[in-house]
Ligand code: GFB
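Coming up is one lone chain in structure tokens, specifically the form predicted alone.
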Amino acid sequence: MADARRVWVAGHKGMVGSAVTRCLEAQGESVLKVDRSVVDLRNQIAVEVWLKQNRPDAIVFAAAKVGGIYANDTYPADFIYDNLAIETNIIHSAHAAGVNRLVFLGSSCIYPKFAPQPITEDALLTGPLEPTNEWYAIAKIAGIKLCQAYRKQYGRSYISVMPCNLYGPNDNFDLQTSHVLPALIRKFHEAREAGRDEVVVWGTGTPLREFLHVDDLARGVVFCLDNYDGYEHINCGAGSEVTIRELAETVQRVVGFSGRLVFDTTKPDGTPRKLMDSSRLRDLGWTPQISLDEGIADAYRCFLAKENAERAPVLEPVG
């Protein structure tokens, strides 16, 4: 029996990285992990040393500084610096250590704000970005180009996968830094628990968004690791979209909040519509398996489990 493939999942504790780790381990792969307290991915020397010592067969690059509209708009320097540093360090160090296979995880925010819908991969760099998260988007575009540059100059088998909006286990539910879906889960839950009669949602409720459960993305990433080796990045999305109002109503139903929705139209909507064309990946044989209702119910269960764990009393040892 052949030895298990050794895959370093960079960012293994995050939502995407933990899902990819679960997927790889379920099919018998050997997953390498390193905590940020051991290797700061913004430190080039530390990353180079660790990679040369461990030399994985492949890398799934899921490490990134992430956040929603508020976080991106408030901390632009942090988002562009941290992500550029992490990308240059990992991709260059992978090459220096002789690692020939790498999958870089990007984001649908790389595309122009008013890109034709559904968004095909060739829309990249054809128009202005959404201003509220352009710092993160520019860093992710740089990551795609780094992979292409090392492929072009050195023949490295480095690819990039672009997910749509993600949610699921290990999501960030902090209202100041989270994305829209986990923020809605927390808002509706806290409103229900407090007996409030309304929940305020940012914006007009009209923007259209695409949401993919992170376990479906993980299957897509591993599928690409095994089946895709193209120069161009490839989209990985759910293939359907909902308005923010429809999303809020679905979360409201799952959580069981009986009050009313109020839309704060003084807050920014962001990109009016964002649906990716994932036909290239679907034509290769990957399809999502988790419906939005099923996925939101799973995300809410994960939120409740996290809340209960944080509230659990710390027991003193006996004896």
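When you see a residue number, it is the position in the sequence shown, counting from 1. What you see is a predicted model, and the numbers here were worked out from it, not measured in a lab.
We do not show the form predicted in complex with the named molecule, though everything after this point is about it.
Contact with the named molecule in the model of the complex, judged as any non-hydrogen atom within 4.5 angstroms, is confined among 285-293, 268-276, 56-64, 252-260 to 268-276.
Contact check for P207: a non-hydrogen atom falls within 4.5 Å of the named molecule in the model of the complex. Interface membership of N89, defined by any non-hydrogen atom within 4.5 Å of the named molecule in the model of the complex, is ruled out.
Although the partner is absent here, N72 sits close enough that one of its heavy atoms falls within 4.5 Å of the named molecule in the model of the complex. In the model of the complex, the named molecule sits beyond 4.5 Å of every heavy atom of Y228.
Shown here without its partner, the chain carries G14, T21 and N170, none of which come within 4.5 Å of the named molecule in the model of the complex through any heavy atom. Of the listed positions (R101, R219, H95, K187), a single one reaches within 4.5 angstroms of the named molecule by any non-hydrogen atom in the model of the complex, namely K187. Note on the partner interface in the model of the complex: the residue among A191, A142, C224, I244 having a heavy atom within 4.5 angstroms of the named molecule is I244. Residues N165, S178, H179, V180, A183, L184, K187 are the members of 164-193 with a non-hydrogen atom no more than 4.5 angstroms from the named molecule in the model of the complex.
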